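The chain below stands alone, shown as structure tokens; this is the form predicted alone.
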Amino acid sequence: MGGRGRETAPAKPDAATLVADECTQDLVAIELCDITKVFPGVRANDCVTFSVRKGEVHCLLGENGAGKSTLMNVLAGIYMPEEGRIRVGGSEVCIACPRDSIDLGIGMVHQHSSLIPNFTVLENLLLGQGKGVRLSVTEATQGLSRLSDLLGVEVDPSTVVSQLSLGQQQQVEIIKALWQGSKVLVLDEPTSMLTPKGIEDLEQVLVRLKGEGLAVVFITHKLHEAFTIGDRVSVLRQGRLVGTIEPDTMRASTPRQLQQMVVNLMFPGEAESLANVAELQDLSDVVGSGCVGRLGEPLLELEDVTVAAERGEVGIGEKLSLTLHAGEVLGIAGVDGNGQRPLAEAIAGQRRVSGGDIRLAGKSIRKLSIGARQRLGLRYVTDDRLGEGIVGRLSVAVNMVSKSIGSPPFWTRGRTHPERIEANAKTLVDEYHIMTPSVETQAGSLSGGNIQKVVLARELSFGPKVVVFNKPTYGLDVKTTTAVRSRIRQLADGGKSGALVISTDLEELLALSDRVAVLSRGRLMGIVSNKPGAEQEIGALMIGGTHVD
């Protein structure tokens, strides 16, 4: 065709094709066209085109720092792109601020909470509604109840947000997006705080919302989750859209084939080395992967510990006793908000113990300060990486040594050694594959996953005896999650240290732990050895099953 050097006019589409194209266009809820966003030293989005249709879940994948959150923040009106266009319902729009985005029916549930901590749940929902000063609390409470029922969650409207767990805050964020009448819902890592039952419930909610014509952008690092929930899957790498798997291909391919496609897009040439990580597998594939039988001397002992609850939370109300041994990873499972944070903070020294004792290597640390516990070899990786884990305005380099201020080798006789601080940071940035323009970059400007790497690098770089990890891989990509879990296991496998891993991700606990203790409403429901069948035992205890001594 055209072999004689003459151009031929393109074939005129028939009527059926024109109607099909028009129908497809009518189904498009949001289009981001050729979006480019640049930060100092970083091209976060490079000419990205992405769309989501009405009544579909479009999963967005990519490693930490690939540009997923930046792209969605452009849609949310948080960032203005240097180049590109946005169309809503086929019409080009200007989204200059978050209010514009909300008014266009776009709801964003961020990885880090955007709620006002000192306001109640109901006050956060009513904030910015533009309905005047006099608001009907009764009608608002009824609306909250209706949306809570839709999502299958229980939310006390009078609870102050700062007293909620991160998982509970996420639930309120989703309710707030729906409350505002969103037609497009962006969910950033929505299942990281949920139990397997909670994930099933969320899937059912998404099916109902799709049936009502809602368009959903679903950001996740769990590939099998994307294949189960997503109608389409797109992959970002280094700021560029490198591929999209369309619905026909999704339906025609096996999970293993889809996995191969996505990993090849995300990490070219590394598919074989990542083939067996937990994020790529179903839950049943990772059960029994702990290392029971290599436990050493007791390192961390909790004896009859109780921790008072603050307003709106569950404390440790019943005497709790457990032991972490040298060479062990002990998992703590439970629905988020069932006492995990009070327990972690009591061990770390951030919260007073109401009763009982905590011992580290046989020595009581109940009355010791946070610093004294750290000097004895206890480290804590918080789940609030942005608010508590780092000082966002300080550099990556300073954050790496923020718990050693005034101590050698970075400080001697009151003198700061910036060259040592910088050298330490460069070593850890390379070792932990932290994506940052430089070690002098403000830590708060990094992606959530890279902030977590900064926190982990700091806590693991001082030869700890015991590390308490609270959701250590929340928000991390497949490759980084694999590396972090490997470090946790290596910490324990050396035989001299131990790790207490608190996670709402049952896959994570089954992939890492020797034993798994289960909390429900602040009570220790039982401790399960990681073996075939552990998933069912843990799941039953998580929802308040029979107490096991």
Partner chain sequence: MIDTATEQALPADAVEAPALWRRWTSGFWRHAAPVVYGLIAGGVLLLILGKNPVGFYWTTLESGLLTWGGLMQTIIRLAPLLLMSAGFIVAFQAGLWNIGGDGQFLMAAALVGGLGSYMVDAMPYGLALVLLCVMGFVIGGVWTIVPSFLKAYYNMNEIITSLMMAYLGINLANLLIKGPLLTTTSFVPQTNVIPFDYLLPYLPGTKIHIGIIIALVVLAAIHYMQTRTGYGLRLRILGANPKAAVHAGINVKRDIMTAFALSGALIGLAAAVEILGVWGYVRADWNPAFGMSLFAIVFLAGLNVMVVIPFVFFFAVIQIGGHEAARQAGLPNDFLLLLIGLVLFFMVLTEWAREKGWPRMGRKTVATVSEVRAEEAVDNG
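Keep in mind that what you see is a predicted model, and the values were worked out from it rather than measured. Positions refer to the first chain, counted from 1.
We do not show the form predicted together with its partner chain, though everything after this point is about it.
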{"query": "Segment assignment from 471-479, 215-223, 370-378, 254-262: heavy atom within 4.5 Å of its partner chain in the predicted complex", "finding": "370-378"}
{"query": "Triple contact flag Gly143, Val161 and Gln170 to its partner chain in the predicted complex, non-hydrogen atom at 4.5 angstroms", "finding": "no"}
{"query": "Sole residue of Gly444, Gly356, Gly296, Gly84 within 4.5 Å of its partner chain in the predicted complex, by heavy atom", "finding": "Gly84"}
{"query": "Listed residue (Gln340, Ser113, Thr436, Thr382) with a non-hydrogen atom within 4.5 angstroms of its partner chain in the predicted complex", "finding": "Thr382"}
{"query": "Proximity of Arg393 to its partner chain in the predicted complex, heavy atoms at 4.5 Å", "finding": "yes"}
{"query": "Leu386: touches its partner chain in the predicted complex, heavy atom cutoff 4.5 angstroms", "finding": "yes"}
{"query": "Contact of Glu440 with its partner chain in the predicted complex (heavy atom, 4.5 Å)", "finding": "yes"}
{"query": "Partner contact for Pro40 in the predicted complex: its partner chain, 4.5 angstroms, heavy atom", "finding": "yes"}
{"query": "Partner contacts for 394-411, taking its partner chain in the predicted complex and a 4.5 Å heavy atom cut-off", "finding": "Leu394, Ser395, Ala397, Val398, Ser402, Lys403, Ile405, Trp411"}
